[in-house]
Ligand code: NAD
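In structure tokens, one chain follows: the form predicted alone.
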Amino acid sequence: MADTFRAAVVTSFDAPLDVKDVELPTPGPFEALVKVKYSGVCHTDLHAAEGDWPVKPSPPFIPGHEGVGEVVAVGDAVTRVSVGDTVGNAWLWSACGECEFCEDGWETLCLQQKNGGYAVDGSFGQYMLVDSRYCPVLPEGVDLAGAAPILCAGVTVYKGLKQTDTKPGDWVLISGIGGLGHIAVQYAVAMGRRVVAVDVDDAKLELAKKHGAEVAINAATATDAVGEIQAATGGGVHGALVTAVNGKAFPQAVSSLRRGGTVSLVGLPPEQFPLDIFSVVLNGWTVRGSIVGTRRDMDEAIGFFARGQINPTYAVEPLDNINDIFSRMHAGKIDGRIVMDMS
């Protein structure tokens, strides 16, 4: 094994990523070294590379939290995975395991958690380290390129749908049919929900209908999108999942709820959005934030994919394209997901 490997590195927040050779790391006691085969590109990676959020990573670092590959070495305390296993990394790279959140099954709220491609180097390279106690393990025979988006986009929308507190037969609104939303439609259908898809792009709405959405509404051209949703669903949706990064999508989703409904928020728009407190109280609505998913959520999300119920739309490109991929992501010109081939 060589002493170095190629990776896309954030050297500063105001410069393109530098694709270069970096030193191969040695796994710690609970860590595994993974030869990466594919890595998805998430909008969070773009936020990380540009230092958009209040708590910023420290350059230089390697982004990426949708990597899949083969374990090639393990630390001396590793028992959960072995050399030759196929594993991934995730946004929840590790947690403390001891706080009230970890003990209560909410490790995604752990204040000591480490995030892949943010607090620790991620999957935008030919090798990566994972914490063997937290890394997702993939079953044999799955499409690894297709599995990559499940490790963030998939588990995020799956958990978000669970957070809507809906049941089979209920109506669910999916707002924003992009990299997350088109997968959310599939999970919702697989979970027995009836889907209303909302976007401002007719091509994306057609993709949503292809994946099982019964109602598709263009919010940019509809005279009264909320009214159309209420009419189509007999009074409003039981739950809503907002993946869009447009601030207007949030109050629209809340207003589309029927009484007692819940909206789950996973998109992160740059602006604030108004919340009509009177309507929230009067209608008994719940507005809830949802952040990725736990290890149990991840196993369940991968299970749907392994059974063939989830088929992400993605294109495969080389690592050297990363800066162009980010440019297209900025411009909203990516359909589904981009997965980078590390070979």
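Just so it is clear, the structure is predicted and the values come from calculations on it, not from any experiment. From 1 onward, residues are counted along the sequence shown.
The same protein also exists as the form predicted together with the named molecule; that form is not shown, yet it is the one meant from here on.
**Report entry** Option touching the named molecule, based on a heavy atom within 4.5 Å in the model of the complex, out of T243, S256, T164, Q186
**Finding:** Of the listed residues, the single hit is T243.
Query - in the model of the complex, the one of L138, A216, V266, V74 near the named molecule [non-hydrogen atom within 4.5 angstroms] - result: The option sitting close enough to the partner is V266.
Requested in this report: Determine which one of 221-229, 111-119, 172-180, 141-149 lies within 4.5 Å of the named molecule in the model of the complex, judging by heavy atom distances; exactly one does.
Outcome: Stretch with heavy atoms near the partner: 172-180.
Requested in this report: May I ask you to check whether K56 falls inside a 4.5 Å heavy atom distance of the named molecule in the model of the complex?
Outcome: The answer is no: K56 has no heavy atom within 4.5 Å of the named molecule.
Query raised in the report: Using heavy atoms and a 4.5 Å limit, would one call K37 a contact residue for the named molecule in the model of the complex?
Result: Residue-level check for K37: no, no contact with the named molecule.
Requested in this report: State yes or no: in the model of the complex, is some non-hydrogen atom of L33 no more than 4.5 angstroms from a non-hydrogen atom of the named molecule?
Outcome: No.
Query - 4.5 Å heavy atom contact, T156 and the named molecule in the model of the complex - result: Yes, contact at 4.5 Å.
Query raised in the report: Has each of M191, R194 and V237 got a heavy atom lying within 4.5 angstroms of the named molecule in the model of the complex?
Result: The answer is no: none of the three residues contacts the partner (heavy atom, 4.5 Å cut-off).
Query raised in the report: Of 288-312, which residues get within 4.5 Å of the named molecule in the model of the complex if you count heavy atoms?
Result: Heavy-atom contacts within 4.5 Å come from S290, I291, V292.
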